[in-house]
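Shown here is one chain on its own, the form predicted on its own, set out as structure tokens.
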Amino acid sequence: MAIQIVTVPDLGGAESVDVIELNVTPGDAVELEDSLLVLESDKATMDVPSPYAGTLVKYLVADGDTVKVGDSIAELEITHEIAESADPEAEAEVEAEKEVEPVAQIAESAVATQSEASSEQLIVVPDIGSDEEIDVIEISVAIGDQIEEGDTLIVLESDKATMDVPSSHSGTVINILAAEGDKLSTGGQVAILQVAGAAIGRDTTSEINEPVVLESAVAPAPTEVLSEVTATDAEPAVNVTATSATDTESSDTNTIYAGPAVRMLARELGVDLANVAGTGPRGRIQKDDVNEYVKKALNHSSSSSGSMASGSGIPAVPAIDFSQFGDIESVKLSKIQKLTANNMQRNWLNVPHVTQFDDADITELEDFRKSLKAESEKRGIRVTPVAFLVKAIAASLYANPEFNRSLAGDGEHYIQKHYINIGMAVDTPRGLVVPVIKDANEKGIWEISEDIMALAGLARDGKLKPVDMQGGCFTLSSLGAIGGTGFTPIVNSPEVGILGVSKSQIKPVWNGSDFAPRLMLPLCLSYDHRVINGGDAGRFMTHLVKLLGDIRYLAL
């Protein structure tokens, strides 16, 4: 028999880690590579495997201790036969593999694919037009699925739209690196495919082959999820304090004794760990401590809130049990629907709205548009009345720059924009989105029509990028194809104006001698009365009606 001391292996750059779990009882037999204990840094958890087969004599550390590379952690009793027959070269090879292995358990699956790197392909999030992180709301494939190039792997959802992430290769899904609820940005790891006959070079496999260490810059979603926490572990986000997620992260982390799993849970629930009392070893904050804190906060909030909504001073709508009246179904709102509701409420409460109504005579405009049918078919571009509306709005903004402004955040200045981008509201199965036609004043009817077709198609397919919905100066909301004689659209702040369009109708119009049938288009102009006064709105609407009544003015 011989006694061997087990030490902390290379931590991949971390200076010290905490012992959070002892996996074996002294006296128990252990096999080679069995986990002896679990360590945790601020970024990941890791198992320390046994380098020998034998019997655990005793631990040299306790739960809650802090250790570093080379510290003794346990004594193992192994037989002389095992000790003497150990191949020094094999042991060196095992040690070398330990140094190369990623310390985060979440990366183990990626390392396991190194032996087959020549036939595996890492799929990442393509360029989404910005660096912001976007929520993963759906995993569209499963491990073992056969997929073709272009098939959807996951669905992402930003504050304004949802988008599919397609596969760049055909093959078999052997690992999914993202989970529902994760946040990914451009370049984020999505999945690993087994690609038949593909020879992948060093450049395309560097993210798989290179060791992942504790302090490396890796993809946001899969590598930050700890082995202790899965997507299903996270509880619904509840804002229990006035402290934001940013405030929570900015707390003095040196004085808070909690692991990354607990910190992640606290961020999801909006909890400041400085306010949570830890019940673990040496006052370590555990998950149960955070959950208990949330329960107490919710109970206190419900007992003291009364009938008023928090902060706004507006009475809350009482909850009603509709099941007492008949069969019901509770359907969860999509993220876009919830954000739309919040934005509409915020804009309605903060913007003093005024809506002005008028009718535009579009008889000649429609005759001209219909005359373009043959050329439209030849070009493959469908020209709708919306194209003429966008062009006329752009010309009206140029002639009336008051509508091309936004209030500055200090409330003492306004921003005068010297570009003209028109947003158009598009109704999709996933909710309302507003893609933006850039530089509309510099484009003709054909170019605008082409942009409308492309953006509307992307919106319906859920493939709009954030950049496609940014930079709008004014919004057009057309219900013409649906019907109605008028409505009051809500200003899409920080814009100061929005035009609502209803269904055109043939109406008798007095021409000076008799009534003539004319095709009249109802227009509803809502504006922010802090920036726009009635005279500004009257001049804008008059100019717009003039352009729609005689489109020749658009050429001037």
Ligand code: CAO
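So that there is no doubt, residue numbering starts at 1 and follows the sequence shown. Owing to the predicted nature of the structure, the values given are computational and were not obtained by experimental measurement.
Below, we refer to the form predicted together with the ligand, which is not included among the displayed structures.
Even though the ligand is not shown here, does residue 280 get within 4.5 Å of it in the predicted bound form, heavy atoms only?
Contact check for residue 280: no, nothing within 4.5 Å of the ligand in the predicted bound form.
Although the ligand is absent from this view, report whether residue 195 comes within 4.5 Å of it in the predicted bound form, heavy atoms only.
Result no; residue 195 lies far from the ligand in the predicted bound form.
So in the predicted bound form, is the ligand close enough to residue 460 to count as touching (4.5 Å, heavy atoms)?
Residue 460 belongs to the contact set for the ligand.
Exercise: residue 396 in contact with the ligand in the predicted bound form, heavy atom 4.5 Å:
Residue-level check for residue 396: no, no contact with the ligand.
From the list 73, 78, 137, 386, which entry has a heavy atom within 4.5 Å of the ligand in the predicted bound form?
Here the answer is residue option 386.
Heavy atom within 4.5 Å of the ligand in the predicted bound form - residue from 365, 424, 420, 178
Answer to the contact question: 424.
Would you check whether the ligand, in the predicted bound form, lies within 4.5 angstroms of a non-hydrogen atom from each of 369, 456 and 481?
Spot residues vs the ligand: full contact, yes.
Just to confirm the contact call: exactly one of 399-407, 283-291, 317-325, 378-386 touches the ligand in the predicted bound form at a 4.5 Å heavy atom cutoff, so which is it?
This holds for exactly one stretch, 378-386.
Within 487-511, which residues come within 4.5 Å of the ligand in the predicted bound form, counting heavy atoms only?
Residues within 4.5 Å: 501, 502, 503, 504.
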